[in-house]
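Given next, in structure tokens, is a single chain: the form predicted on its own.
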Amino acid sequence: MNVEETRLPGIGTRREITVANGRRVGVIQFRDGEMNLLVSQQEDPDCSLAEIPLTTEEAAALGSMLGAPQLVQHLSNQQGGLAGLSTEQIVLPRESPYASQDLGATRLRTRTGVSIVALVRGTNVIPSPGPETDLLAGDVVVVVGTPRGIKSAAQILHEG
């Protein structure tokens, strides 16, 4: 995938890709850290159909939603259909009692038998996070375990 990057003097950086239908999709990252999501018009890829301002948290959540499914699929393929073992992604909601706490506070493995194999934060993947790793609202927690354990893990991450 070719990512076109254009410096915008005094403004920031524009990064775009051209998707299969010919539209250009990308972001402008402003010098102050703000970010806009861009979608081009179908008939004129140089004109914007939409330019949507995103907060840092919204950009991170969108990045997680787009990147986490590929990671989960990759891990599922590596499991090779092991009976009784599943890989799932759980988004940590803002209301979670564990948002802004370290991972160890959840005691997730002890309580459910589920292993956390990665955190996806925006476009960053944190593989094999340790118990000292901070959890933030919007993080995607990638877990491996039994369906029952994963269900319990989701409940713990959402409600405590």
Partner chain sequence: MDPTALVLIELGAIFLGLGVLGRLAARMGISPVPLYLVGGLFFGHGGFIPVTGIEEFGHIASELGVVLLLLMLGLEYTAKELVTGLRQTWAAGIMDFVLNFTPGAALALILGWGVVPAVVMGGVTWISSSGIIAKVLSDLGRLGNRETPTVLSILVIEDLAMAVYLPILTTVLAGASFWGGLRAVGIALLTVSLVLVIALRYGAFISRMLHSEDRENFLLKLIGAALLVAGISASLQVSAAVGAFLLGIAISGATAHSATRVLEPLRDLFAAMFFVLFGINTDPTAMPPVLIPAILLAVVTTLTKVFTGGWAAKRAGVARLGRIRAGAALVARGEFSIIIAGLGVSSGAVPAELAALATAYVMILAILGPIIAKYAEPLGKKFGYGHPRAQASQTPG
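On a predicted model such as this, the values are computed, not experimentally measured, just so you know. Numbering follows the first chain given and starts at 1. Take the two forms, superpose them, and find the largest set of C-alpha atoms that agree within 1.5 Å; that set is the rigid core.
This protein has a second form, the form predicted together with the partner chain, left out of what is shown; the following refers to that one.
Contact check at 4.5 Å (heavy atoms) against the partner chain in the predicted complex: all three of R14, D44 and C47 pass. Stretch-level contact check against the partner chain in the predicted complex with heavy atoms at 4.5 Å: of 128-136, 30-38, 111-119, 54-62, the positive one is 30-38.
By the criterion of a heavy atom within 4.5 Å, E4 is counted among the residues contacting the partner chain in the predicted complex. Residue displacement note: T13 has its CA displaced by at least 2 Å between the shown form and the other one (rigid core superposed). For E95, a C-alpha deviation below 2 angstroms is recorded between the shown form and the other one after rigid-core alignment.
P131 is not among the residues whose C-alpha shifts by 2 Å or more between the shown form and the other one once the rigid core is aligned; its shift stays under 2 Å.
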